[in-house]
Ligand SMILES: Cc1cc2nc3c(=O)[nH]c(=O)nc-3n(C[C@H](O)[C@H](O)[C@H](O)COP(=O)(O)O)c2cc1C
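There is one chain below, alone, in structure tokens, taken in the form predicted on its own.
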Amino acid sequence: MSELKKDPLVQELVDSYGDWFLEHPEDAKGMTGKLYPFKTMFSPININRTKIKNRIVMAPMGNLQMCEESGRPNEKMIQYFTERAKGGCGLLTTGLVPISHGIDPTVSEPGGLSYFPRIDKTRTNLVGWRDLASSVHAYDSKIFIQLTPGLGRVGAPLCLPNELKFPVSASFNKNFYIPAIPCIRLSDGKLNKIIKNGAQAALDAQCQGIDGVYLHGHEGYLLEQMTNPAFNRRKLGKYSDPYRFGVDLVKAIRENVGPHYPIMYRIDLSLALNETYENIENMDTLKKYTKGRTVNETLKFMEALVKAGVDCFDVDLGCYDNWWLPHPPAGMPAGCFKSVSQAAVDYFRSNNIKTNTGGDVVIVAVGKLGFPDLAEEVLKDNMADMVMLGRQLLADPYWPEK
């Protein structure tokens, strides 16, 4: 049996997290203000040609049920994002908005209804996004819509009893929730349709005043299933190249929206599965997923995405199969992924890789950064260009103002 690919950086981080709080209590962060007035965090930055008033990004978090059954954003969704704009966050990002209705059966409800917001189907849905954008812009914040090609193997398989349809994936992968249920391999034709839908959704978002698009290529969702050899084991067809689907999707979006509309991409530098599980090759549910991208391979893929039209990435580690990693619990340190964003910054800067408009690739750090001094330190030390906050802005929309 060949030796599993492991990254020293990823292994060191994964090994350190579990006992961190016991071994390094003196490093626990607090709500201190030694670096006040946080000049770097509250300085503006451009993503492509869109100016963001500060370096704070609201993380994409579930917007399930924040819509009418048609998928139109409802008043609850508008108030939720407007409150964070009012609180001073520079860039807001929505949760998942699928572009694969009718292709990935896990994203739809019976009868063609939706529990996700939609930016397709009807003019009524589109107007909801215009209302959302206008409300956020009233407080000088920007908002990106997070588009996803689908859930694939990590979608709840209710489609099987409800509609007699199997979930889908890049290859014949086991469903995450019920491994006995197989996921059917998507045809190139259906994948081409998803790309076409994504390009149209991006154009519709642009026309409704949304400030940019944000692709969810992370956590083992369908975009990552197509672009990571851990999940994409296709032998035939153009998408047997595990990086082509992501590049083709970005190219199609860029062609539709023009050169100056921001495209952001969410990615993990590593699934970290080989580093997380000692006997993964003997685990029935995971043994097919041992050939994931290394950090260096992911950075090369990110470079190809930049050439296709991406302006900005947020980066961390992990997926559904080691859920604690991308959703760090108390046992993981504040700033747990700052060395991950640093690796991305160093790669793009040292290789002088620029975006299509000649600017630096914007790297967003994530991972328990809701401590003002820590966030400022990460930015001042050039470990990232922006910081992403999730639970902090859920708990207190006015964190930036305060």
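Keep in mind that what you see is a predicted model, and the values were worked out from it rather than measured. Each residue number is its position in the shown sequence, starting from 1.
What follows is about the form predicted together with this ligand, which we do not show.
Although the partner is absent here, Val366 sits close enough that one of its heavy atoms falls within 4.5 Å of this ligand in the model of the complex. Though the partner is left out of this view, Ala384 does not reach within 4.5 Å of this ligand in the model of the complex, counting heavy atoms only. For Gly246, no non-hydrogen atom is located within 4.5 Å of this ligand in the model of the complex, even though that partner is not displayed. Heavy atoms of Ala272 never reach within 4.5 Å of this ligand in the model of the complex, leaving it off the interface.
Just one listed stretch, out of 54 to 62, 343 to 351, 356 to 364, 40 to 48, contacts this ligand in the model of the complex at the 4.5 Å heavy atom level, and that stretch is 54 to 62. Think of it this way: in the model of the complex, this ligand has a heavy atom of just one of Ala201, Leu92, Ile210, Leu96 within 4.5 Å, and the residue is Leu96. Of the residues Gln146, Asn256, Ser240, Thr294, just one reaches this ligand in the model of the complex with a heavy atom at 4.5 Å or closer; this is Gln146. Residues of 308 to 334 that come within 4.5 Å of this ligand in the model of the complex, judged by any heavy atom, are Pro326, His327, Pro328 in sequence order.
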